[in-house]
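Each of two forms of one protein chain follows alone as structure tokens, named structure 1 and structure 2.
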Structure 1
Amino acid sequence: MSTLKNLLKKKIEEFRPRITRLLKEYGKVKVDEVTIEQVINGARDVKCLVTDISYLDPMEGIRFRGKTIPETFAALPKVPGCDQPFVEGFWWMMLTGEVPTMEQTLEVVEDFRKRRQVPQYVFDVLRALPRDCHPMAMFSAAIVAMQRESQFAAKYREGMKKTEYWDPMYEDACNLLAKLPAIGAYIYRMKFKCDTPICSDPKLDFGGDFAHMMGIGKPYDDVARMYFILHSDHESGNVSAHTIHLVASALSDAFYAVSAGMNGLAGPLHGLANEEVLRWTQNFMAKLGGQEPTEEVIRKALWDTLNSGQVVPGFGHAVLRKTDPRYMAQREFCLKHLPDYPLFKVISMIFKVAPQVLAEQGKAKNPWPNVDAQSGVIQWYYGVTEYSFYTVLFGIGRAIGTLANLVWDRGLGYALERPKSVTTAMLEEAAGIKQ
């Protein structure tokens, strides 16, 4: 058993009694109450999920295993000669809550290398799809196509104890995660680069190999590492993470669950917003016909969007009530690497104007930018201008946190998810409305 798997086994076994005790001795203690507004409006803020892998404070933003974004990047072992940490080390940290040493990180790098070969039939599935399919539909199809590889499904058929579920889930999680960079890059090169896929380089780490297979030189490897870590997890209530947790709660394996979660990430109110931001910005720039945008022009474009009943992509959040620190991390990257890039300047101007406009409109509870407002600029700068691909990048990252959650879900024996519905008449009765 690998060092990581051994440590994880120990951690899961140590943790289990905490859940057993809570259920047995304190199962009826109230955590929250639910209002009619929450029932109708998408269970906003209802505390009915548990995860120890990340926590989202509305004012502070995300913490991965208790660490803020800067703390996470500072703590993890860096790829030699690069600014950013190994994604593989981050995977260790998300699974165990501990920062790995360089030696431990390199063990995961080696382990992932052995798992990264994508079966040929996955590429055949991708090639059989019409080329104008959205990259996210392709990504989701490729993931679910691999379901036949699931060790969890095979072991479940053979019969296994509940306390053993985490083990094949861990194997599936590693096998799936290690293959995602090659699948994402294949989709990109097949769809957008005249069908010229690039083979994986066994010497490279997760992020480095992704950049290599995308066909983009340094420092895109660091961009990829940063991007995957930043998008990895946002506790478990967001659409993609929650879908993955929900689907797997029926003991569907990781391939079914992650594919389903990617379909949720592909929605414009969620991960697709990174594509929408670039589309919105490019459309708006095209209308200017080469003229320098001003704050006034941007203000008008924002109002036009709002007045036509559309949302301003990249702004607002269901939980956050301040600028997303994932936005700030990417903005800092831009300030360091591309401060004078015209598109970055436009995005910065939108950052200045949009919160005022949204606040004036008075609908959005959070007028500040989220992770998706900044990410496309960096991709565009490094040559990935095909913005319909951006959500696939988000998806590769999101798999890290959600797969770590799935391993723990099975380790702690979390139950089938099944909230209760009520009828509208029942809500009216609860409200005291007489028909």
Structure 2
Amino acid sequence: MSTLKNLLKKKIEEFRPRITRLLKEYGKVKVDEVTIEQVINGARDVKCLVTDISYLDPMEGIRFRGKTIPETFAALPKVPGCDQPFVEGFWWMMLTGEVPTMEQTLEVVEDFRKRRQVPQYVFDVLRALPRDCHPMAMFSAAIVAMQRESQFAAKYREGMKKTEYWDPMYEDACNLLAKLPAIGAYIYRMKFKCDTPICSDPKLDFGGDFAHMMGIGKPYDDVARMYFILHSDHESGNVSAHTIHLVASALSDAFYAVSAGMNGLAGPLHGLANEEVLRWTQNFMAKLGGQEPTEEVIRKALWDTLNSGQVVPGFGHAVLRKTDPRYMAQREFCLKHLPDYPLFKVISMIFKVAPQVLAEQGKAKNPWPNVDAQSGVIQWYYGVTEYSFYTVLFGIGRAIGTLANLVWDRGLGYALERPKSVTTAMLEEAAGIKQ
């Protein structure tokens, strides 16, 4: 058993009594109240999910295992000669809550190398799909096609103790995660680069190998590492994370669950937001007609946008009450590597001007930019100009946090998720307006 898996086993066994005690001794303690508004509006802010992997702090942004984004990037071992950390080290931290040493990180790098080969039938499935299929449909299909490889499903059929569920789920999680860069890059090269796939390089880490298979030189390897870590998790309530948790709560394996989560991520209100922001920004830039994006020019253009009844996409967040730290991490990368890129200069000035304009308008609760306001410009700069592929990049990253959650879900024996529904008449009766 690997060092990581041994440590994880120890932590799961130490954690279980906490859950048992909460259920047995404090199960009836109330932690929240539900309003009619929350019932109708998608259970927003209802505290009914548990995760120790990440937490969204309104003022500090996402915390990964208690660490802010700057703290996370500062703590993790970095790839030699690069600015960004190993994704494999981040995987260790997400599973255990501990920052790995370089030696421990390299152990995971080697483990993932052994797991990264994608079965040929997965590529056959992709090639059988019409080439005009959306990349996310391809990505989801490739993941669910590998369900036959599930060790969890096989072990469950054979019979095993509930306390052992986490072990084959861990194997499924590692096997699936290690393969996702190759699947994503294959889809990209097959669909957008004249069907010219590039083979994996066994000498490279998770992010470096993805950049290699995409056919993009340095520092795109650092872009990949940064992007995957930033998009890895966002609590359990977002559509992709919640879907994966929900499907797996039926003891479906990781392949079924993650494929389902990717289908949720593909929605315009979730993973497609970065595509919409970039498209809007490019159209906004075109309307400037080549003018230098000064503060005065951008301010007028933003007011013209708002006065015409449109919104400024990429600004505002359901939870955050400050600039998204994921935005700032990518902004820092842009300031270092592409400060004079015209599209970034426009985005940078929008970042400076938009919060004040939105505050003056008075309609936005949070006028600060979120991660989607920045991420597309970096991909565009490095030649990934196919909007529809951006959500696949998001999906590879999101798998990290959600798979870590699945391992812990099975380790702690969380139950089948089965909320109770009410009728509209019941809500009307509760409101005192029964028809």
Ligand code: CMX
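We call the rigid core whatever largest set of C-alpha positions still superposes within 1.5 Å between the two forms. Only a predicted model underlies this, so the values are computations on that prediction, with no experimental measurement involved. The first residue in the sequence of structure 1 is number 1, and each one after it adds one.
(request) Only one of these is the form predicted in complex with ligand CMX, so let me know which. (result) Structure 1 is the matching one, since it is the form predicted in complex with ligand CMX.
(request) Align both forms on the core first, then report whether residue 159 has a C-alpha shift of 2 Å or more between structures 1 and 2. (result) No.
(message) Checking residue 77 here: with the core superposed, does its CA move 2 Å or more between structures 1 and 2?
(response) Shift of 2 Å or more: no.
(message) Could you check, with the core superposed, whether the Cα atom of residue 114 shifts 2 Å or more between structures 1 and 2?
(response) No, the C-alpha moves less than 2 Å.
(request) Fit the two forms on their core, then tell me the C-alpha shift of residue 300 between structures 1 and 2 in angstrom. (result) Between its two positions, the C-alpha of residue 300 lies 8.1 Å apart after core fitting.
(request) Superpose the two forms on the rigid core, then give the C-alpha shift of residue 287 between structures 1 and 2 in Å. (result) That residue's C-alpha is offset by 5.7 Å.
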